[in-house]
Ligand code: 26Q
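In structure tokens, the next block holds one chain alone, the form predicted alone.
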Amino acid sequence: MKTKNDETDNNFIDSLREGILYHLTKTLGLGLTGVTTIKEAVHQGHIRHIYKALAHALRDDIMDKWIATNSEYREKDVKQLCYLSAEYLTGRFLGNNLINMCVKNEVKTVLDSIGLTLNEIEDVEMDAGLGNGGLGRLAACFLDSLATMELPGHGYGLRYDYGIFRQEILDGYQVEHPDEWLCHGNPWEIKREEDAVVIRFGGRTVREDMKKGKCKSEVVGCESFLAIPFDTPVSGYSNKTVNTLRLWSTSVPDYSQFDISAFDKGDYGNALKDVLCHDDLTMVSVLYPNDNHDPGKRLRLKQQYVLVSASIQDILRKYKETGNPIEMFHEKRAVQINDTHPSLVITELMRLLVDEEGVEWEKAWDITVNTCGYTNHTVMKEALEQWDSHMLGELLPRNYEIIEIINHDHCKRIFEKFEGDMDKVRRMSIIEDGRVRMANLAVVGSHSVNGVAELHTSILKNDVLRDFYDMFPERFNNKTNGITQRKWILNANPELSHLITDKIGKGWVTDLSMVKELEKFADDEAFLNEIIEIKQRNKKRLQEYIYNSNPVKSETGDIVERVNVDIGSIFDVQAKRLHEYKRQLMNALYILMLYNELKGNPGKSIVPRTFLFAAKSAAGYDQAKSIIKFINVLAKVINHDPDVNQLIKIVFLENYNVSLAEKLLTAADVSEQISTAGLEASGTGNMKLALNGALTIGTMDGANVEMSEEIGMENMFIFGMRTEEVNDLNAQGYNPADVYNNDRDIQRVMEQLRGEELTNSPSEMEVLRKIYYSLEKSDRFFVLKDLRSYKDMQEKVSALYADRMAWAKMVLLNIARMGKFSSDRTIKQYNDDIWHLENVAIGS
């Protein structure tokens, strides 16, 4: 297919048609069935084939640039970034590529000519379920920014067969199903069997001098597995750069285990027994297997090692092909560790350098530290990953041995620097009480340690990692998260993007700071009305999606009812991973308080509001799943109460993913960012919502702090305790009874949780009482403490929404002041301070 560069749009459209027909008839084989035109394929219902043919045709165009990019990187011998992440939430590849290739209109023209819409084709593609939340979406935004900014940076991850589970809400409960995102194949990826690497587990270490663990060692008696890479192109916006996302899958390495003699005798079960029972058939099947038991823990550890071992073997192999000496490795490669999941890359790089390349230990350590950078994504100490020492030693004996050596040297340095402070040695040790603390390993083995918001980094330095900051202050830095405007406005909200471009030009697509120019229209009523009308149309689309695609279902999956929401109401959205610290529960309790208020005062007039929740709970997180059920119990009560259901309504949208986020976040009026202060690392949903014109109600937590500095406190709805107040209350001791005994409205909702007013179902009452007791006994995340402040601020939200122009002006100012929060800015800061990559303009 001809490239769209200097040629006319019509030539590109003709070339695209030719490419689609070629792949329909030859690549996908429809020519064998008599199909000779694209319209015939449509007439026969081959919509999925048309999607695949379109993907292949576009990939042909991408391929030339992909080849040129890799060739130029090799010829110029540039330093390259390798971004290691357990998660990548890319969304649908078709939409990403249409935007970055700047061919969306041309594709629409071709599809229109054959009687199809782009939405019909896009809906054929399943989301790549390779992430759980913000961590994976951040990684995808970073890859987009790297390619757009013409920086040589690639992603490494795992190609989970099923990814995160598909969530279904049955009778109000979360039910997990396999997410079969690969069931129809993935036309964007290329399998690269020639780059497969061997991964080894178990065995024991041997060396000539058993006393010298720093010497070259060998692992014998281990079990071998094969990791096979699948490459997906990552196109930059409106340029010729195409970087690579390499995802690893596993396969049976030795088919000699197939017993042909047993098969010939008809003993098929025993013939295939050793092959089908092989552990690696399921090693990367599911993202984040439930680790509430030892098999789940072992599987997660294996997954993490597959990621780091396969990736670092691949990175080292490619580096050696350049002919550069091994001692220069850190000058030509940067490895960024996205949270603790890939932190074993430090020990694996040491193993390869010392055992495979024969590098002396101290030199290998210097190379490793100067290669690796670590991004921390949590301030919750219990969320900092740890592994059982015995399990790690059994599965990865040489890596564990390397950890012991690193820790010995590390503890010795602590002892010397801090004059024998054994408490500090104990706190900073990588191994403690039979556990390997992966965050400690990541900090010790990296030259850079960054948080993802100013507040988050401050907490890391002053609390969570304070001892390490005392020892390595030069390593710590902040890189506030960002999002790519190309995905979250240009693709997700085309009407808003067109309006912005009409007013200020298209430069904002690659320089989000330019949206600041929108401020001059803050008093332009015609412009403000246009923003409101776009929001209303987005709300209409979401209303239709809720009615058609998100029905209320019984426990057997039968449709009980379809929910119709009022687009004239406030769309109040809380869309994020379900966790207690994110306080979806506080939102639900406020709704119950509002319901009680309306029932007690039938004549009360309020601005109608639709409360929209979207969230997945980890499969083994019982309390979070109870909160989902509670929200749906409330929905059942409120949505069927004729006294209030014209004023308030609740919808829980099942199976939240990137594609649903595009519909939900662009339709939102209110953005719920209400985590307990000091616990959210950053958040990126807060940025996506604000950039699409939703006003934030939130605590001073994560990136909300910096958003308030940019947007202005007066243009947000900030409530609740600050981090310092939370810390003081924790230190003093907190009794939730002091709150609810002095607030009749809160006492009332607590009574409803414990009683039978909301439900007469024994199982539902059990769920509600479980929530009641968690609040009564500890209220660990200060839900009750902040509830009154939250309710008061929600009343201010309603009052402002009643003033159409005042609301619209605040919406505009939110959009206009979000320029800082582009992932392009974040990547520039990473590069300036940590990676030091050179821009490479392909083909220039």
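Treat the numbers as computed from the prediction; the structure is a model and nothing was measured. Quick note: we count residues from 1 along the sequence shown, nothing fancier.
Only in words, not in the display: the form predicted together with this ligand, which the text now covers.
In the predicted complex, residue 680 approaches this ligand with a heavy atom inside 4.5 Å.
In the predicted complex, this ligand sits within 4.5 Å of a heavy atom of residue 291.
Although the partner is absent here, residue 581 sits close enough that one of its heavy atoms falls within 4.5 Å of this ligand in the predicted complex. Interface membership of residue 600, defined by any non-hydrogen atom within 4.5 Å of this ligand in the predicted complex, is ruled out.
Look at 346 to 354, 592 to 600, 291 to 299, 111 to 119: in the predicted complex, residues with non-hydrogen atoms within 4.5 angstroms of this ligand sit in 291 to 299. With the partner omitted here, the residue from 487, 539, 341, 649 that has a non-hydrogen atom within 4.5 angstroms of this ligand in the predicted complex is 341.
Of the candidates 157, 134, 698, 163, 134 is the one whose heavy atoms come within 4.5 Å of this ligand in the predicted complex; the others do not. Shown here without its partner, the chain carries 84, 336 and 454, none of which come within 4.5 Å of this ligand in the predicted complex through any heavy atom.
Residue 377 is the sole member of 347 to 381 found to place a heavy atom within 4.5 Å of this ligand in the predicted complex. The distance between the CA atoms of residue 292 and residue 132 is at least 3 Å shorter in the predicted complex than in the form shown here.
Here's the thing about residue 89 and residue 293: their CA atoms end up at least 3 Å closer in the predicted complex than they are in this form.
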